[in-house]
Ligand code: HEC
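Just the one chain here, the form predicted alone, laid out as structure tokens.
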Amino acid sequence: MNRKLLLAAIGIAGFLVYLTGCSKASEDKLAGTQTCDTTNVSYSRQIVDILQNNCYSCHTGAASSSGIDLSDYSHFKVHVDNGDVVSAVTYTGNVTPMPYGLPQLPSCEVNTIVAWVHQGAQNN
């Protein structure tokens, strides 16, 4: 009797895990059809998250790679203003594509950075 109850509980738990893993958002992400809102991009809400997830491990502080410190807005803005940030994330121009040695950022993250630059690269 206990074995049947255990098997039933495992079956129900497995079904619940299956249901929570399947969603339209998961399907869209896998298919690459997720919407990417690049209107009113915010440095503090969107750009910092991208930097934390992809850049800070190599580009933070005085000992950062190639001497490029992106740890705060003022440091990052220098590289935005000279065009290096957009060139690095779009794989254009004469700068090393970033993130170095890794695949290009997802198109939504690239588009978000480019949109933020085109919207004036504000510290918002």
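Every value quoted in this text rests on a predicted model; they were computed, and no experiment measured them. Residue numbers run from 1 along the displayed sequence.
In what follows, reference is made to the form predicted together with this ligand, a form of this protein that is not presented.
Trainee: T38, S42, S65, T92: which sits within 4.5 Å of this ligand in the model of the complex by any heavy atom?
Mentor: None of the others qualify; the residue that does is S65.
Trainee: Does N54 reach this ligand in the model of the complex, with heavy atoms at most 4.5 Å apart?
Mentor: Because a heavy atom of N54 falls inside 4.5 Å of this ligand in the model of the complex, the answer is yes.
Trainee: May I ask you to state whether V85 is within 4.5 Å of this ligand in the model of the complex, using heavy atom distances?
Mentor: Because a heavy atom of V85 falls inside 4.5 Å of this ligand in the model of the complex, the answer is yes.
Trainee: Heavy atoms within 4.5 Å of this ligand in the model of the complex: does S71 have any?
Mentor: Judged by the heavy-atom cut-off of 4.5 Å, S71 is well away from this ligand in the model of the complex.
Trainee: In the model of the complex, is there a heavy atom of this ligand that lies within 4.5 Å of any heavy atom of M98, even though the partner is absent here?
Mentor: Within the cut-off, so yes.
Trainee: Hey, which residues along 101-124 are within 4.5 angstroms of this ligand in the model of the complex, non-hydrogen atoms only?
Mentor: Heavy-atom contacts to this ligand in the model of the complex: L102, L105.
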